[in-house]
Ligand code: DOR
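The chain that follows stands alone, in the form predicted alone, written as structure tokens.
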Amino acid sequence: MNVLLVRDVRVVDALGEWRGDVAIQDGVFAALGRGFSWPGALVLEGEGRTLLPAFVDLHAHFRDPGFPEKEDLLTGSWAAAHGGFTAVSVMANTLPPCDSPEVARYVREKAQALGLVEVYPVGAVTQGLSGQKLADLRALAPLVWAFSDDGKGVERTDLMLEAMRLAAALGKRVLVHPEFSGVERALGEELMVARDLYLARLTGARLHLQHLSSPGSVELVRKAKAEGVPATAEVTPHHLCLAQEVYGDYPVNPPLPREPARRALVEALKTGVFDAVATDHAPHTPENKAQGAPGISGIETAFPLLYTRLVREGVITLAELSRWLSLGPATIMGLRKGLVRVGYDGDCVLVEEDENFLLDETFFFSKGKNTPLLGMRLFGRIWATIHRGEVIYLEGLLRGRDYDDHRQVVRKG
């Protein structure tokens, strides 16, 4: 019996908050209360810090296989743990793409061997992400949780219709990068959102719309949800917090919004159009970025950015942020995570809300340092990350890199 007792914390999740102690036994939350003891337990003293359910990322790029100079499953897992994430959905645009059982199995087995965070591969919709012929979705289905040609929209309606019908039959979700080529970006996004919402209505497939950035798309999703279309949607931290007027044309896809659009995205978050905030973690080398590669290395900065810009400024509450970073994405993925409740996976983060830091390149465990946030002062430092009762990150130290056994960083009670 393995027990970790986290003492003296302010617990906040999507359903509320309270103060006390949390016990994790054999990987799940086993007891919640005040002042209880558990003989033989390992003890982590929270010392009044805030404990949240660990975060779940619906949308990240760990670049493995194929692009080890940008990221790999080890450094991506380090970055996730540092950012407070214990479950990460990784996209299919690797090299080779995740369009075969062999690639999906490689991602799953390598991540499991690392033993840090849970990594869930997404299978490609089309072979080679070409948009021309469906991948073998039936063969991929046992190894992936969803299908997506992320990085590209599937422009052929006949293929997308067939993919949605198959996904519905297989019980898998379809994730959509909404973009038609050859038209203005916002219009291309809205056209694909409208088409795929219609196809979801027609087929009953569970649709998830990735990194929406257009207020027009938001209204399409709002209306479709009201009509019962089985659709969910995500928005990124950078689209919620960073506007072109301040950060210019920093390369990211979709582009950073103008301030009125940014405010519309925040309002859509607050009114329930978005089900989750996802990082779209996209690490690049300095050379790639200098050549204009779009993307932000964002899995480590997601919480402090959102906390600084939205929670501290009174736009949303910390409980609401927990809903969108933890419970919402966990629900979409079918995971028993996202709440600090007995029986849920014992995944949590301890945060120092009032601790602030000046972001520079030394902050990152990811290979990617590409972000427009360098030089920004952020609040809400992640102090510890716990995955199924195992301390995988604590105060700058990572399990498997700086120590091998979580018992080295906690004490016997």
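Quantities reported herein were computed from a predicted structural model and do not represent experimental measurements. Residue indices: 1-based, along the sequence shown.
The next section is about a form of this same protein that is not shown, the form predicted in complex with the named molecule.
Using a 4.5 Å cut-off to the named molecule in the predicted complex, not one of Asp13, Lys337 and Gly343 places a heavy atom inside that distance. Looking at His82, you'd find every heavy atom of it more than 4.5 angstroms from the named molecule in the predicted complex.
Proximity of His387 to the named molecule in the predicted complex falls outside the 4.5 Å heavy atom cutoff. By the criterion of a heavy atom within 4.5 Å, Pro96 is excluded from the residues contacting the named molecule in the predicted complex. In the predicted complex, the named molecule lies within 4.5 Å of some heavy atom of Gly151. Of the candidates Pro215, Gly131, Pro101, Pro294, Pro294 is the one whose heavy atoms come within 4.5 Å of the named molecule in the predicted complex; the others do not. A heavy atom within 4.5 Å of the named molecule in the predicted complex is found for exactly one of Arg323, Arg262, His284, Lys172: His284.
Just one listed stretch, out of 134-142, 219-227, 105-113, 249-257, contacts the named molecule in the predicted complex at the 4.5 Å heavy atom level, and that stretch is 249-257.
Within 4.5 angstroms of the named molecule in the predicted complex, the stretch 164-187 places a non-hydrogen atom from His177 alone.
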